[in-house]
Each structure stands twice: as C-alpha cells, then as structure tokens.
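Before any questions on how it binds or moves, here is one chain, the form predicted alone, in structure tokens.
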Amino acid sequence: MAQGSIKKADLGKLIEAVRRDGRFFGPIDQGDGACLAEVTPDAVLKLDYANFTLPPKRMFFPRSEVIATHEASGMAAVPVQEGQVVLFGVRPCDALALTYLDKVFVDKQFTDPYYRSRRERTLVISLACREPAATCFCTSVHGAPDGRAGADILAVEVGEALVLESLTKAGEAFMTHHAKLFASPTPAQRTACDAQASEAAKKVSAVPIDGLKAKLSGCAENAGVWDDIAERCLACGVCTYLCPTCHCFGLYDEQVGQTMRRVRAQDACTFPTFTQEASGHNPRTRHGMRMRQRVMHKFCYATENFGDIFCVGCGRCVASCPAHLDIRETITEVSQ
C-alpha cells in the first residue's frame, strides 16, 4: 500500500489537482460546526472539528430523491449524476458505517443502482480523530479513532502535516496518480500516528455491549421499560436522520404539473405511521413498541441479518436529541 505525507498548507494543491477531473468535498466551517461540502477555490478547510453534523451517508443515500418520472411517453428512471468524487475528512466511524450500508444496498441478490453508482465513483479519505467528543463510544462497537474499514485512504494529523496511507486499490491508485504532491513519511511521523491513536482511544467512553443481543431478545415488546423510555422521546426523527447507518425509506408518487414523480425518502421507525399498512392497520400502535424496534434493529436484528451491530458510536443521536435521550443510557437501562 502507498504511504505519503503532505503539509496542511499544501492541501490546496491536492484539491486543485482533483478538481480538474472531478469534485472534492471536505470539512467547511458553516458557523455552527463543520459540514461536508464541495470545496470551491475560495473555501477554507476546517480540520479542528469533532465530526460533521450530518453524516456522509447523505452523499450516497440522500434524505429524498426523485428516482423516476412518468409523462406521456411513459416512465423513465432518473440517471445518477456521473463524475468522480473525493470525500476528504470523513471520520473513521462514518467510514465504518458505509460498510454496513454496503451490506444493505449492494446485496448480491438485491442491489440499489443509485447507491452502488455513487459508491463506486467516490473515493473516501478518512481523517483519524485526535480529540473524540464526550458523546463518542466507537471503541465499544468495533470501531477506533483511527479505524480503517470503509475508507480508501486514512489520513492522520501530525503537527503541520498529514500522513496518508492507502487502504484499497482505489486509494493506492489515487496516491500514485498524485505522487508528486506527497513526501515519504518519516519514522517520527509514523511513531506519532500510533501514539495519537492510542491516546485518542483512551478518551472514548465505554458502553456495556457484551451479551446485549441476548438481553434485548429477552425483553418483550410489552415490557414497561420501553414505554418508560418512549415517554421521554418526542418522535421527531432527529436521531434517525443524523444516524450514519439508519437506512429505512418509503416510496411515494406525486404529481408536479403534468409530470408524475416517484420519490424515495428516508423514514424513521419512531414515526407513528412507520409500520402502518395500506389497510390502515398499524401493528405498532404504542410509542414504546417503536422505540423497541429502533434499539432492536441496531443491536439485535442487524446482527442476525448482517452479522454486525448497526451502530458505530458516533454519538450524533446523543448530542442532538432535543429530549436529551442517550442511547448509551438506554442500552444500560434495558440491560438491567
């Protein structure tokens, strides 16, 4: 695999080189935090951030998108935008989340062409965490501040430079193509990378995950603990929309002028109509039932269907819940 280092002050040269053939997205300061946005010539990268407010999954699985239109000539699929894309600064937890979404949308039997197309033309450069947020718990759910899963290249901040290591063939090809912009990492830089990862891991909070699946399976749908937790939930869906692994969606047909459009929109299991059938019957009428579904989906059903917990410990749902619900406390409460 290729390795290299580049001064932060020279990142503009790499961005300019990428922009000749494609689009470059990176962390841009928008006042209330860093946002993964397309980098323009006058944009300034922000590297001292905990994480993006919105997860990078929106680059592959938008909150809503038109997938087909129907006019007099018939129905036609909406083509996915082409061109190479580079995502820079994706935190390792969000890169790991992409591997879980891959299992859902790039299944051998059922493949989502929109997701697959975006995934194949996108290069992901993750940026290791130096200062995990107080709400992070990635090390409890198979992650790490310098995790490598899901990324094509891992970048680590070392002083005024970034040390990069390719993780996939696509990442190696990218670094080889732009080799003139990279210097060879020094032994001191490599040592600093390892030390930084070790120190960052010590700052991540721990969550009791061992045996959680069995404990959840034994907690019935009518158990009072679910209603107790749901009483504190506003069912606003913020946790779902900010979650990098939530992937439920609905298909809707709507008319705009003389054109019919088929829209795919993300859905949330906490919404009252999430499982409502066409007949009007809803098997999950109580909020507590839907709260159980959310927790069970991530920590129980996902392990049965895909072999992984669909939580990467990014802490977004903890930090942004208007009712101050904490998934870490929920897990502990249900386990007890």
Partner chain sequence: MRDVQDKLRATAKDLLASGKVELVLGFEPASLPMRTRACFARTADAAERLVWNEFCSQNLAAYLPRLFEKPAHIRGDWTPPKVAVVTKNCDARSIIGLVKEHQLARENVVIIGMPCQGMVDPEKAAATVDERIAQACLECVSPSPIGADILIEGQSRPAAADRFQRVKDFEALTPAQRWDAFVKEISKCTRCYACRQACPNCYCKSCFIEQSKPSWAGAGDDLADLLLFHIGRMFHQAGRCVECDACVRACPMGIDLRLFTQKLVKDVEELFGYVPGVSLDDLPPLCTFQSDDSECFVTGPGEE
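Just so it is clear, the structure is predicted and the values come from calculations on it, not from any experiment. Positions refer to the first chain, counted from 1.
Quick note: we don't show the form predicted in complex with the partner chain, though the next part is all about it.
Q: Among 67, 54, 47, 37, which has at least one heavy atom within 4.5 Å of the partner chain in the predicted bound form?
A: None of the other options qualify; the answer is 54.
Q: Only one of 155, 204, 87, 242 gets a heavy atom within 4.5 Å of the partner chain in the predicted bound form. Which one?
A: Looking at the other structure, the residue within range turns out to be 242.
Q: Would you confirm whether the three residues 59, 173 and 247 all fall within 4.5 Å of the partner chain in the predicted bound form, going by non-hydrogen atoms?
A: Checking in the predicted bound form: none of 59, 173 and 247 is within 4.5 Å of the partner chain.
Q: Pick the stretch from 106-114, 187-195, 247-255, 211-219 whose residues have a heavy atom within 4.5 Å of the partner chain in the predicted bound form.
A: Contact-bearing stretch, as computed: 247-255.
Q: Does residue 319 reach the partner chain in the predicted bound form, with heavy atoms at most 4.5 Å apart?
A: Yes, residue 319 sits close enough to the partner chain in the predicted bound form that at least one of its heavy atoms falls within 4.5 Å.
Q: In the predicted bound form, does residue 9 come within 4.5 Å of the partner chain, counting heavy atoms only?
A: Residue 9: no, not in contact with the partner chain in the predicted bound form.
Q: Just to confirm, residue 178 within 4.5 Å of the partner chain in the predicted bound form by heavy atoms?
A: Contact check for residue 178: no, nothing within 4.5 Å of the partner chain in the predicted bound form.
Q: Is residue 297 close to the partner chain in the predicted bound form, meaning a heavy atom pair under 4.5 Å apart or at it?
A: No.
Q: Scan 316-336 and note down the residues that get a heavy atom within 4.5 Å of the partner chain in the predicted bound form; none is a fine answer too.
A: Counting only heavy atoms within 4.5 Å of the partner chain in the predicted bound form, the contacting residues of 316-336 are 318, 319, 320, 322, 323, 324, 326, 328, 329.
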